[in-house]
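Next up: just one chain, as structure tokens, the form predicted on its own.
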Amino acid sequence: MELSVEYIRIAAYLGAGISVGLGAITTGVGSGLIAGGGSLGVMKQPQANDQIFRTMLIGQAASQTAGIFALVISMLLIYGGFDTPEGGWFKAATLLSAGIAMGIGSLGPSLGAGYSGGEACKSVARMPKHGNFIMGNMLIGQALAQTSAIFALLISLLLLYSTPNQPVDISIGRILIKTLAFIGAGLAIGFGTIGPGAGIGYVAGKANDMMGRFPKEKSRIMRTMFLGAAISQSTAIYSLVIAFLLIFAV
């Protein structure tokens, strides 16, 4: 059952639109949360304007990570040379699934990174003399939140470049099973990162808030943040394992 190159291009372009479209949603919201926290902080502590502004810009840059991943996958789908009929339905499914994986997979991490950055800006305003430590903890929390987006990026790249071409003598039933397995892999890692990314960002945001209130307890706060983030991340790892199985073991 052959598939013309036009349909493969359609799958690639649709995946590109899904990837960057969904990736832009919470990336923009996250940057806005940080800017909102920075604006509130400046009004509460005008003397710390420069420090808050610096924390805001660095936090916004870090919160854009998953959106940049989504942009990269979209560019690969458009200009990556996926304009040959080799691969058939398998290739069409993997191209679409790669966009789904990275698009949905950027939602939770971007939102979590934005919340963490917004709380850090308000915390710096509350305790400017500990601003550097708070900003460092913000970056750690944002990096932890973006780990799920890295999982989504990994699965997207595997879907693009490590899946087999469709065999010539294969039944329609087998084609259906394998293409749906590829789509399922993208959905598994995409949806599987929403909770961990947002949850870790929430943990990091509350840790940033508490450091501005109780700076003497910063080591205990960080230890609790790491423990909470590790447990929250476990479900993203489950999704990663299932995505691997759907790609290579079905």
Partner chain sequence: MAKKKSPILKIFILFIIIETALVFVSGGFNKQLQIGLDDGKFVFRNIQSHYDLQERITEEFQIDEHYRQTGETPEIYGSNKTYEFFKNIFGKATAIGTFQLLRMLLIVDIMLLFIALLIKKRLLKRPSQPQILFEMIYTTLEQFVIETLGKERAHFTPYIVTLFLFIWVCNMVGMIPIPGFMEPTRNLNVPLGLGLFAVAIVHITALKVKGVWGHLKNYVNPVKNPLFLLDIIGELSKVVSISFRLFGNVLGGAIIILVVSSLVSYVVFPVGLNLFFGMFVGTIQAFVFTMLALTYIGVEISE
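Numbering follows the first chain given and starts at 1. Note that this is a predicted model, so its numbers are computed, not measured.
Although it is not shown, the form predicted in complex with its partner chain is what the next lines describe.
With respect to its partner chain in the model of the complex, the three residues Y7, V20 and S110 uniformly fall beyond 4.5 angstroms at the level of their nearest heavy atom. Although the partner is absent here, T65 sits close enough that one of its heavy atoms falls within 4.5 Å of its partner chain in the model of the complex. Residue contact with its partner chain in the model of the complex: F151 places a heavy atom within 4.5 Å of it. Q146 belongs to the set of residues with a heavy atom inside 4.5 Å of its partner chain in the model of the complex. Of the heavy atoms in L57, some are within 4.5 Å of its partner chain in the model of the complex. Taking a 4.5 Å heavy atom cutoff to its partner chain in the model of the complex, the contacting residues in 70-109 are L71, V72, M75, Y79, G80, G81.
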